[in-house]
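As a starting point, one isolated chain is supplied in structure tokens, in the form predicted alone.
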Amino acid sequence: MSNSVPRTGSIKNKIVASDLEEERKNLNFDQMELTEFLYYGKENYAKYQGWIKLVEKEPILANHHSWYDMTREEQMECQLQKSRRMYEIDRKEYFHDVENGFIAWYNAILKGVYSFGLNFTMFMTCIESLADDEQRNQWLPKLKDLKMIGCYAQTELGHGSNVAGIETTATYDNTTDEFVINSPTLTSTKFWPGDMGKISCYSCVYARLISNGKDHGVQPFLVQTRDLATYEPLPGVEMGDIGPKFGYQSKDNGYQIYKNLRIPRYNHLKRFSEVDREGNFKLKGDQRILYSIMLLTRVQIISYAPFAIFQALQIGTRYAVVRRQFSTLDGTKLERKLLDYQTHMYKYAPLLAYAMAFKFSGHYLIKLYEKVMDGVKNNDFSQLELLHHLSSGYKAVYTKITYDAIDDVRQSCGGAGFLQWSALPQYQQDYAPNPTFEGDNTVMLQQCSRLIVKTVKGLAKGKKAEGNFSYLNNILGLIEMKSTAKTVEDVLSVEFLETALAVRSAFKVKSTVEDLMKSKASENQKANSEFAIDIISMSTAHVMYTTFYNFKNGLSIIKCNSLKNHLNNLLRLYSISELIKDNQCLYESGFFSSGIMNLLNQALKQLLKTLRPFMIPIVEAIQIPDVILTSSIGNSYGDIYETQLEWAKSSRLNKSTTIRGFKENILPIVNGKL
């Protein structure tokens, strides 16, 4: 083995590190097929490439490492400058024709969190979904041209996931034909919504509609909050930013308090309900449509989770094949690559397996969402419950694992990963809200459990389960099964792994549902006091099995056999990681016997060895260019030293030789003058 030191990378001199170059030579599959799959199709990836070319061509759009050294105000201003430039370049493509889909240009190319993100997602969804035809025709063109910048004002200081507990009121005044919006209590303050405090001039306010003395429940209203000429808050509106947060520093998360703020009766979004001139309230259409449309944001969160893991892995894996540490290679003084340590592969390869599993489930869920939406148009709600069930469970489990995955990658990069220059801290901080918004993860898993319980009760009545639930048709047979695995090859079989995950889920489902049905406690006590932990565990096991199910079935669309082989190994690694992590009930049921864990651990280590040469080719299929990544250790040149030092020298703290206040306060002590 050679003792020569590998060539280091240099962005400045456009030199690729020899270690990274060698890793890329291990590519033995159709990388473009994987890339297009990761971007949900060839057309979407072509769009992404077009956005990248725009960033590379336009200096004002380019991401720069100075971003990490900016204050909140500077980051927000930077976002506004980029937004204006995109508007100048092509307002039709990037604003007028924007669709609330699964890949948005602003998420793909901008550093930080887009200033108008909520305007083009939640606020636009409200208008598109809840307004009637006349209202949509009047407001949507203004919204898409930034003549009406809005936010989604649902969450209150005292009520987040509990929408029914909202306290803000909209009281109809039939003498003026207006609604009067009020925040009657401290806890009714609208608090947390994005774009609310500094950016928006309109809010889609969720408030209790009161007319003729009767509370008709929570309804949506379009509320103007600022004077469009001066952009100052209107009389009756107090608004501002909620302050520094763990992440999302470039996002305006705000608060609003309303005091006798009057809006026209017309501004009640009236696709599903309406108040006439006399104050009579009536419902229109099927209220399930309202809920089905609001599931889009949750599906978007799920579809983004694997992309977030890939972002972190592209940085971490590149760093790990260039960074060498300790002379532990036999026959040479050359230091070992981080990724050649089994412990490092043990950190990274399972994360890649989970990311790929989430991606296949994301594909399945998007298709299900589109199918549900097509059905809703024809008053077919037959699969809405399934979509709610899966999106609740996937959102809860995937966002938790994804957040932890980004942190694992950050920690594995040592001090270099702790630096903002690596981009990992910001990715972690900006991903941090995902486990919280659009439903607390614990609440989401509780909601996920409802269809599981309903399905099992249906089985008892002779109703057959389908699709993701079909394994429960054999629930009694599953929990009585005993594994016959004797070798590593046995536990590596996809059939064994599928059965093990199904047995694990079936055992938890049966025991939890039996406990719920036997208990004489109230439904509230069962769900929240007696069996809450069991319900969460059951839902999680079911989610992880259905994720396997979607992953395995999704492989049929892969054309390249070599790629399919790698993906099958990731499917195995995902499954084995799950079984090593949570296996108690498999022993309790008798499916696992003594020696199985040893076989699983051997199988896991075998997969780590098999996948090791292909980590860079698989991870780099995400194709995030340096101009977007903006990382001192994860760039495409494998430059982990030169750029890191140059960026450190350019830090704003190094504009002077000492820090402000040192000479005035500390230097007199150093010189004995105090």
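Note that residue numbering begins at 1 and tracks the sequence as displayed. None of these values were measured; they are calculated from a predicted model.
Just so you know, the form predicted together with another copy of the chain exists too; it's not on screen, but the next bit is about it.
Using a 4.5 angstroms threshold between heavy atoms, S303 stays clear of another copy of the chain in the model of the complex.
Within this chain, G279 is remote from the site of another copy of the chain in the model of the complex, having no heavy atom within 4.5 Å.
Contact annotation for Q429: at least one heavy atom lies within 4.5 Å of another copy of the chain in the model of the complex. Although the partner is absent from this view, M615 stays clear of another copy of the chain in the model of the complex, with no non-hydrogen atom inside 4.5 angstroms. Looking at 381-389, 452-460, 560-568, 420-428, the stretch with residues near another copy of the chain in the model of the complex, meaning non-hydrogen atoms within 4.5 angstroms, turns out to be 420-428. Shown without its partner, this chain lists G236, G117, G247, G375 as candidates; in the model of the complex, only G247 has a non-hydrogen atom within 4.5 angstroms of another copy of the chain.
Among M517, L476, L283, I533, the residue placing a heavy atom within 4.5 Å of another copy of the chain in the model of the complex is I533. For the partner-free chain shown, A648, K649, S651, R652, L653, N654, S656, T657, T658, I659, R660, G661, F662, K663, E664, N665, I666, L667, P668, I669, V670, N671, G672, L674 of 646-674 come within 4.5 angstroms of another copy of the chain in the model of the complex, judged by any non-hydrogen atom.
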